[in-house]
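We begin with a single chain expressed as structure tokens, specifically the form predicted alone.
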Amino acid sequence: MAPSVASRRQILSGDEAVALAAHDAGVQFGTGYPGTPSTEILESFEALGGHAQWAPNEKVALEVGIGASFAGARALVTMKHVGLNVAADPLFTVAYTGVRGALVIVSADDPGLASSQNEQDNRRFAVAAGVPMFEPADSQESYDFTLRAIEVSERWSTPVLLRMTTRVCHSKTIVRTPGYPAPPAAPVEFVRDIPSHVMIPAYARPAHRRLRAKLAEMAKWNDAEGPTVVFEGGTDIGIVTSGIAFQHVREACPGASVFKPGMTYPLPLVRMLEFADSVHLCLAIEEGDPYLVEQARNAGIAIEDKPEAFRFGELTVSRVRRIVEGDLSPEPKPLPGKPPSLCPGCPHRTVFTALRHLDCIVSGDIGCYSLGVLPPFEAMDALVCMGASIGVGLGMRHVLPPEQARRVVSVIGDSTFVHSGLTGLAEMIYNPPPTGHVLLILDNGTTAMTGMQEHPGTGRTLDHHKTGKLVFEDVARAMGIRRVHVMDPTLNPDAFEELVKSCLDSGELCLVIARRDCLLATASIRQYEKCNEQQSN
């Protein structure tokens, strides 16, 4: 039996509210990969006493969560929107297998690219994978919909996507938790179910039919009982909206009728049709893609879309007013802010200074070292996604003229290397370019950009306790890299630059690990290590 939920009133961010709901519902296991704006969910869950851990990447996190769910435990898996790309392989198949314990997958989307390389709309994943989806509009709904997701997951034995966005994740609003017991959890035990959990074609074909049947049942339930809110106003215009856009709509158009589904896949299309028929003009206002519009039109509902210009970036109250008024005049340009930059004294500064002096062609990666692309360094020529620096660099090496190929360097951070650089290293060894290749791992001892989280290369768990450690130089040597160098670039910048130059000139496969703790994390790292040493003694 899950713990009883005491009635209380708190001010929480959306991330904190999800964590609290998971705790109150007796979620036994939380895992994920840190990525803004989702990071604080697991950190908050762990602070509440939940079992939480960081995974090497999102695919592994979801696979571990699936295993926990197959065993009957309630599991929470968190990631930012691009992380779901990494986890897509198990996502699509777990929709077929179904689950035993609830499996809630948080996708924290980033409209406006506050800290991301794209602003993809992950509502598309729910439809493509056949996974039900909830979209909270504030912290209260983040709490409530997490509980709803757990109920739906266990009622239909399905994973559930909780799609959040930056403003919902990080904005703080009042959360009232009711005084009722959380839904009871089933015992955690292994129950053999080969036809459900082993997706060979013979079992996957009927599983796909079961999935579609469940989605049809959930659609009927959502129409009859789902968390849809309708605000009755004037009949001239009715607005269909969801998520954070709802907050802007209510402020911008207080007199309009509003239809807000909380479960946005499968949508309550019968109720939406009734709503559309009750107003003269039905308009969808949503951030990102025209998801609601397409779903409604596919069901034969007459609905208008926002102009294309408003597909980009976050919506605001003023932008919603412009949509409703049909104002297509150029939007005022935002005031320029202070551009981001590498911290004073950051060890990455030495690295990018050397790469600039050597006129390297730099294939970069995701992390705070991405700022090496900005002045005064301007020492990065490609950046695609987590772990891509190695593969992209190798591709350049394979096809460029030799005099240019010898200048190509791949740069990746320590956490990113663990996340998805290991397979790139395997590719580097398996298909070496004729000119060799140079890989730089910038090891600052933490996942710095998302808030100093641990990873397998630090040798510490989410709560900073000692655990197994992935030693990059040992791994590289074991995989077949002969030239492996470890150096603190700040101790002798000239010697570091000379080391990189010698590697470039060698024509061999080389790994250079530039190891120096992040200045912002140094004091904490020393404290963690001291505490772990004392506990060991």
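We number the residues from 1 along the sequence you see. Just so you know, these numbers come straight off a predicted model, no measurement behind them.
The form predicted in complex with a small molecule exists for this protein as well; it is not shown, and the discussion that follows is about that form.
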Discussion item. Within 4.5 Å, heavy atoms only, one stretch in 274 to 282, 416 to 424, 228 to 236, 100 to 108 touches the small molecule in the model of the complex. Which?
Written reply: 416 to 424
Discussion item. Please tell me which of 410, 444, 222, 264 lies within 4.5 Å of the small molecule in the model of the complex, judged by heavy atoms.
Written reply: 444
Worksheet, complete the sentence: Residue within 4.5 Å of the small molecule in the model of the complex by heavy atom, from 288, 393, 372, 367, is 367
Worksheet entry | Any non-hydrogen atom of residue 449 within 4.5 angstroms of the small molecule in the model of the complex | yes
Worksheet item: Should residue 83 be counted as a contact of the small molecule in the model of the complex, where contact means heavy atoms within 4.5 Å?
Response: yes
Item to complete: Look up in the model of the complex whether residue 35 has a non-hydrogen atom within 4.5 angstroms of the small molecule, and give yes or no.
Response: yes
Worksheet item: Applying a 4.5 Å heavy atom distance criterion, does residue 379 contact the small molecule in the model of the complex?
Response: no
